[in-house]
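What follows is a single chain, given as structure tokens, in the form predicted on its own.
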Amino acid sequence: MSKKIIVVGPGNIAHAIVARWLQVADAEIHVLARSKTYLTKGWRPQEQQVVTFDQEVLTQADLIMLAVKPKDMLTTLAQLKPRISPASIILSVAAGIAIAQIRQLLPELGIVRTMPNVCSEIGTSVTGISFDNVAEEDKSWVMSLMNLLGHVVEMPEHLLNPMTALYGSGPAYVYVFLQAIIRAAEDLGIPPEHARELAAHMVLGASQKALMDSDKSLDQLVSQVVSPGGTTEAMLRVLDQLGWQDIMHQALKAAGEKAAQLGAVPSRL
């Protein structure tokens, strides 16, 4: 018999995960929603079919994935608690919400905390995950589900906030970088219909090389591209003058601090 997964909250990350699991996971999936606002988030007709407004689906859940906004997390959990089976595993993807906060409301259940990114939809997320009071058999099952979303690494929970900032939010950094390349390409005469395709393939190729040539430092990989007096050297000189490394460091630090702040909600209701 297929196990039953209930996803609470139909936001962007929930949609990405559900879209992937519906394609490749051997499980019965339901999405518990409070309103039809999910329809504005791009849910396809076949994905809409698994959406329900009946909280009774929680009573038979093997896994309950909590994908509500961090500020609503504990209030929502308190409301749902009477219907949650003691045999369920709780999987939280709420940024900043600690396992200990969930544990106060559900003292006996197995709890998993994680933060995939939107690339889950195509199986290429980068995901950190932590387990608390989860049996080995259940842990293996949850890991198999998460591996369907991309690359998963088990981490101590205290590292999940920085991982959220670096890798949960990471696709946005890449997209902003791509936007800059595409705009520059168009300014230099590259046709718009080619600019995005070429930029995305360039980033993909560079990333694949960084993985394949892991024995080389990134400085070494940079040196393979730079020719004295060439175009790359000119580009890097401008970036260094603008302090782009410091800018990125400050941006990532701000994201990490925000992840911690999101968890600073009242822990007792």
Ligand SMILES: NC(=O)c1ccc[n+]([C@@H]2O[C@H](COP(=O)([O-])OP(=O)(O)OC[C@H]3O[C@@H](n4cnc5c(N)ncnc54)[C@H](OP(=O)(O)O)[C@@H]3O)[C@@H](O)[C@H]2O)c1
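For every residue, the number given is its place in the sequence shown, counted from 1. Owing to the predicted nature of the structure, the values given are computational and were not obtained by experimental measurement.
The same protein also exists as the form predicted together with this ligand; that form is not shown, yet it is the one meant from here on.
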Query raised in the report: Within 4.5 Å of this ligand in the predicted bound form, heavy atoms considered, which of R44, R237, K41, H201?
Result: K41
**Report entry** Which of 145-153, 82-90, 103-111, 69-77 sits within 4.5 Å of this ligand in the predicted bound form, heavy atom basis
**Finding:** 69-77
Requested in this report: Give a yes/no on whether T232 approaches this ligand to within 4.5 Å in the predicted bound form, heavy atoms considered.
Outcome: no
Report task. Answer for G256 alone: is it within 4.5 Å of this ligand in the predicted bound form, judged on heavy atom distances? Result -> no
Query raised in the report: Going by a heavy atom distance of 4.5 Å, is V18 a contact of this ligand in the predicted bound form?
Result: no
Query raised in the report: Even though this ligand is not shown here, does V51 get within 4.5 Å of it in the predicted bound form, heavy atoms only?
Result: no
**Report entry** Members of 19-48 lying within 4.5 angstroms of this ligand, judged by heavy atom, in the predicted bound form
**Finding:** L32, A33, R34, S35, T37, K41
